[in-house]
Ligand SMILES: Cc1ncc(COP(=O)(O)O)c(C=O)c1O
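What follows is one chain in structure tokens, specifically the form predicted alone.
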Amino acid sequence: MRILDYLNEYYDQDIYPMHMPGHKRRFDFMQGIDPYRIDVTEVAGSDNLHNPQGILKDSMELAARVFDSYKCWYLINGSTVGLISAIFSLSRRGDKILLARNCHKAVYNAMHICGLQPIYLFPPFDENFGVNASITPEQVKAALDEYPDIKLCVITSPTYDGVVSDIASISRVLHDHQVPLIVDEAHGPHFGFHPSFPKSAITEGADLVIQSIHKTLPSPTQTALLHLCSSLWKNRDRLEDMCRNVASALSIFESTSPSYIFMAAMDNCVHLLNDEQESLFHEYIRRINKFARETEQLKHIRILCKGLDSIENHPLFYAYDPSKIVMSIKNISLSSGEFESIMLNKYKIELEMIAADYGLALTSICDTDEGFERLLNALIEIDREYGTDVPTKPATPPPIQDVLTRMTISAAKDMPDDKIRLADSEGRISREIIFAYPPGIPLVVPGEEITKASIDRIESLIQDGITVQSTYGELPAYVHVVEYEIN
């Protein structure tokens, strides 16, 4: 079957998208964009993304004003290129980098490219829902005290599940040590547009912030923003130096043939936010709050920080993004795969992600009353038909809270390769990233010793039907490791 035929056939099935991209396939939000009509190159008057002087410069300057940053760059290779370029522009080979262990694999790829040494911040674990909690300022302070030569910090906030860290306090701790902060805010481009949402890292003290506007705003897949903030570098000359550094990095890692389809869509999204944000976000919050109230009738399925649950039940959370719908299915007699299948085949709802004992639905300003109602009715019926007072699933094992780093990612990638069975890999040094996708958070990183705990977690995820991938794509059978064994 041709790809276009499949996509058209899928669209005709009336499956409601509780997943990214944030436009939710609503043509009205795209203002009738015909991709073939506007797919041009750098013709006269169309400007140049890598040397913007005209319409692209004007559009990105408007984006900076709308999002309240000092400088904004359009990204047409997604947040991945923004993260790699940000890290590249703020580091030198051999630097120590402080990062949350739940960062996206793009951050680890940047460490490989830049030859950096990781110092990890392990997020606490919320056992009620089986999700990572917030990174704390105290963790950051302790790491800086132990490693005073740290040059850069990278944190993900919000997480894929919507958990937010105290960026304002963390940035103050870092800036006291003259350490810049990069925040992966890929899942939070809607922050700051309504008081019901947390404030954006842009205004909370971060220095570079990366946002995937395609995740929760009306823009197509692969569109993102990179923001330079005036947090650490108050001096205008220093800010302009940083602008040149970031632009130089983007010229290396971003395509020299940027899509005008994407850039026009990003411009459209920015103007929509500039002109209609108040009405759009008012209606969006109304839908979220209505859904949250109505989920109080659920007896067995729990919704994170909604319905009968609240943020007060999660003392390890600094804040939470109400746009995320995390559904705990521990107390229903369905496996996670069965739950996902019923949602799709019976209720025509495609979820963003399914984990061992919870599902994730992503919402945006483009969701409709009908979409929220469809999800609510499906949960009510599943709760009534399959609910049980006795948990049917074992507690989610906590993520690995310690790692044995034997060499840098770059060093491991430079070593000779050995391919062995995953079951026989305990004690060997990995040469590849192993990660669950979504959300793309590494379980094992090149240069780390593969432990029994990591093997058990990988095998447990696979048994639960979770997609676990690796750099060389040979899991679950094989894993690529450094050729020599640890003595």
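None of these values were measured; they are calculated from a predicted model. Heads up: residue numbers just count along the shown sequence, starting at 1.
The form predicted together with the named molecule is left out here; the points below concern that form.
- Taking the partner from elsewhere, P439 is found to have a heavy atom lying within 4.5 Å of the named molecule in the predicted complex.
- For the chain shown alone, T80 is a contact residue for the named molecule in the predicted complex, at least one non-hydrogen atom being within 4.5 angstroms.
- In the predicted complex, at least one heavy atom of H104 sits within 4.5 Å of the named molecule.
- In the predicted complex, the named molecule sits within 4.5 Å of a heavy atom belonging to S212.
- Partner proximity in the predicted complex, defined as non-hydrogen atoms within 4.5 angstroms of the named molecule, places exactly one of 142-150, 116-124, 179-187, 381-389 at the interface: 179-187.
- The listed set T156, S323, S171, S134 contains one residue whose heavy atoms approach the named molecule in the predicted complex to within 4.5 Å, identified as T156.
- Residue Y160 is the only one of Y284, W73, Y358, Y160 with a heavy atom lying within 4.5 Å of the named molecule in the predicted complex.
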